[in-house]
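One chain comes next, on its own, written as structure tokens: the form predicted on its own.
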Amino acid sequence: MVIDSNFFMSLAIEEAWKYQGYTYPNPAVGCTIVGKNNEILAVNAHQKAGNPHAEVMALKNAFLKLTGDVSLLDVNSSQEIHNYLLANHKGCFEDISLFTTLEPCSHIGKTPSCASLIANLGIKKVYVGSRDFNKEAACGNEMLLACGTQVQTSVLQKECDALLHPFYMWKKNRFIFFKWAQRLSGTTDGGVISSESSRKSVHAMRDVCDLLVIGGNTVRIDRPTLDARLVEGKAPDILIISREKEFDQTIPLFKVKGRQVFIEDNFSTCQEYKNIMIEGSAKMFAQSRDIVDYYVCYLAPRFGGTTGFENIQDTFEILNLQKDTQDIIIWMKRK
């Protein structure tokens, strides 16, 4: 039976983008498990550093579908899932195909080796998008080939590489992304714009970014906290871009324990951090455009407000478009 490798890899890519921005210092990775009759058994993604990798979550869900063994539902740690699958698979994976956006890891770190698990489960066909450039985890493909697994590489590699790009930048020096929310009318002012689920998404990103950059006028007008309370996460350090150094110290962001707040008229402080989120609108966009790698826009289906991104002529390549319960989330890079 002919297998549509691009289609199944695209499902893994789409799932992984749902967690882009949440997985630092790990990459966003997706995995699809396909049965012998081309039926989809599982589509999963790595959701947060320390949690099971995408392949492990997909294999867990595929096992549940193939065997009906609900005992695995209560098994959550990566090591425990590995152990359970190895002890109980009874050859159920021999006819399945596995699609992963990133070469399965070969090393044992916070979680066991995915390549070793795949090989020991008897999986015969693995399709890989991006090769792993991280020397610590690389060579999973070679491990699989040595065990007799068929490995097809470079499936939708361009799309998988775009998904992996933040991880590449963290390893190289730093990744900087610019986030904003706007209405259909293009306005970015006038109070809360995005939905609660979108705001939780932003807080999940703040939880893992180590520096958040914001403009001085926004701080003075909005008096924000800029923490990750909606996901019970940690608050990042803050860089306020402002020529004026004096701020009302009762503004909530200055009251967060354990955080550093920098007030500068340039972005040089970014050089000391790895995963950096910039929040702002047109002015901050213009100031930061030469240092930003990716952009993420939360587009709310409503009108209102008065000002937004006027007189900006940039065009973008859309990397991914997701719909949450209300808003549209668009990841982009500038052309």
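Since the model is a prediction, treat every value here as computed from it, not as a measurement. The numbering used is simple: start at 1 and walk along the sequence shown.
This next part talks about the form predicted together with another copy of the chain, which is not shown.
For a residue to qualify, one of its non-hydrogen atoms must sit within 4.5 Å of another copy of the chain in the model of the complex; all three of Gly186, Arg302 and Leu321 qualify. Proximity to another copy of the chain in the model of the complex, defined as a heavy atom within 4.5 Å, singles out one entry of Trp180, Phe167, Tyr84, Phe177, which is Trp180.
The partner is absent here; in the model of the complex, the one residue of Tyr294, Phe267, Phe285, Tyr273 having a heavy atom within 4.5 Å of another copy of the chain is Phe285.
Partner proximity in the model of the complex, defined as non-hydrogen atoms within 4.5 angstroms of another copy of the chain, places exactly one of 22-30, 66-74, 49-57, 294-302 at the interface: 294-302. Under a 4.5 angstroms non-hydrogen atom cutoff, another copy of the chain in the model of the complex lacks Asp290 among its neighbouring residues. If you take 27-41 and check each residue for a heavy atom within 4.5 Å of another copy of the chain in the model of the complex, you get Asn37, Asn38, Glu39, Ile40, in sequence order.
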